[in-house]
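Only one chain is given next, in structure tokens, and it is the form predicted on its own.
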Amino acid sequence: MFSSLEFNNNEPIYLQIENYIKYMIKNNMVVTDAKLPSSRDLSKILGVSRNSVIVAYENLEADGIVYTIKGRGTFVSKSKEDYKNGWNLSWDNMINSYGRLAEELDIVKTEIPWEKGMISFKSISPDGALFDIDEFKKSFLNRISLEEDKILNYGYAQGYKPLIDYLLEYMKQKGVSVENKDIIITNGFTEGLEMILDTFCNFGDKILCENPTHNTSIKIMKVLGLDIIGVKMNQDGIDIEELENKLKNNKIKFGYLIPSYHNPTGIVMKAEKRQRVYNLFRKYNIPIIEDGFNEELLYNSTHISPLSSIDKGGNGVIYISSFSKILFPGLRVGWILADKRIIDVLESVKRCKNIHTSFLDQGILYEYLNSGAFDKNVKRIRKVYREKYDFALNCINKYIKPDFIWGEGALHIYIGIEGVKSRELLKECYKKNVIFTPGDIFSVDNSCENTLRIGLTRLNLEQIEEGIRIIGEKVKELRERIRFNEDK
């Protein structure tokens, strides 16, 4: 603090010390409540008499610039200076198109927010009460005991080797061939998708996806300046005829698909249809990005292998997934399974972005998965979510009576109500402290305005029934209002 203080012969020493400290405080070089050196220490540091320092401190205290606590020392007071002439920039004028679009598409800022006391069907993040805390604690202690300081140091961009090996075996169990393939660990699914698109796409490239689809994925594609080509969804998944038409007549760079528990519809694409979809993309030589969303929660049928499993001996499908919706989303660990050359390039991209995903998080997750706790907990989670889903389905049929209900379970239910716009319905429900996610958020072309997604994970059965009852009540009121206006 005092290294740049140089004394002159024109002013008393105490005054120079006093003015220097004032200058440092005024320019925020010393923070409020910072402790100054004792008079004895400062006199040694500066090579001056202690009396000069004492006088300087006394004058500063008299002006309220410092304060003294007996037995503890001298401290900087809170500044009374008015900094109206600070350096102010117009940051709004400096935001680029990426930043502006990201803010515009940020539904946390633009949609109706959750407030205490509300029944919110917006979230599909896992219920914290289902977190396997005891096993997680064991996993933490076991892994840090084994790895010690290594797990807290810089890691490798590709990821934590034991976790990568575990996930390669895990993908084999899903029926996926990992020959000539590898895995890179990411900060959740979101970073994985963004890395792929950022690495292989240029501004204006066309991306084909289901319509509706995952809102976060739409946002990533839009801020990267990609042209999104939507293909409508039917009750059994993507419309095959429209899919082929758009693959044939557009120069598509990638297809982005969610075959299992599609978000937001909850549809699980049947095995035969998966084969047809894969064959079409292969026919037109367009690679697929497969979002392995919530495959682990499948409970209405036997396991259906991912699209990646069809691509045996090939490299046309890139698989992205995470355990965020069924384990601990705060860990932010996801993965990409792809051709070794793809992973090699993404490893370099990862180093450019954030060096690596937390090795501590990866290590804990590996320990948890490898202990067998994961398989036990997934069975428990499936049971809880199935109970909520079946209960909510009965409530929807009883109170809302929608025109269609899509999906096969898991974390949410997607419904359509002809003649009722979900935005208007949301406004009415909000008055009764009930909110949900309107379907247009998931569309690529502002369609799906008569649909809504009802998330179930954070609510108990009583809240689910009460919330759905209120939605049904407001649907009835809106329909009656529409009929009244038509009769007029």
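Just so you know, these numbers come straight off a predicted model, no measurement behind them. So that there is no doubt, residue numbering starts at 1 and follows the sequence shown. Just so we're on the same page, rigid core means the largest C-alpha set that superposes within 1.5 Å between forms.
Beyond the structure shown, there is the form predicted together with a further copy of the same chain, which is absent from this document and is the topic of what follows.
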{"property": "Answer option from G330, P113, G117, G204, heavy atom within 4.5 Å of a further copy of the same chain in the model of the complex", "result": "G330"}
{"property": "Contact assignment for a further copy of the same chain in the model of the complex, among K388, H356, K122, K246, heavy atom within 4.5 Å", "result": "H356"}
{"property": "Contact stretch among 395-403, 149-157, 259-267, 412-420 - heavy atom within 4.5 Å of a further copy of the same chain in the model of the complex", "result": "149-157"}
{"property": "a further copy of the same chain contact at T32 in the model of the complex, heavy atom, 4.5 Å", "result": "yes"}
{"property": "Distance check, E191 to a further copy of the same chain in the model of the complex, heavy atom within 4.5 Å", "result": "yes"}
{"property": "Contact flag, I240 vs a further copy of the same chain in the model of the complex, heavy atom cut 4.5 Å", "result": "no"}
{"property": "Contact test in the model of the complex: N377 vs a further copy of the same chain, heavy atoms, 4.5 Å", "result": "no"}
{"property": "Members of 168-187 lying within 4.5 angstroms of a further copy of the same chain, judged by heavy atom, in the model of the complex", "result": "Q173, K174, G175, S177, E179, N187"}
{"property": "Core fit, then K383 C-alpha moves 2 Å or more between the shown form and the other one", "result": "no"}
{"property": "C-alpha of K22 moved at least 2 Å between the shown form and the other one on rigid core", "result": "yes"}
{"property": "C-alpha of L461 moved at least 2 Å between the shown form and the other one on rigid core", "result": "no"}
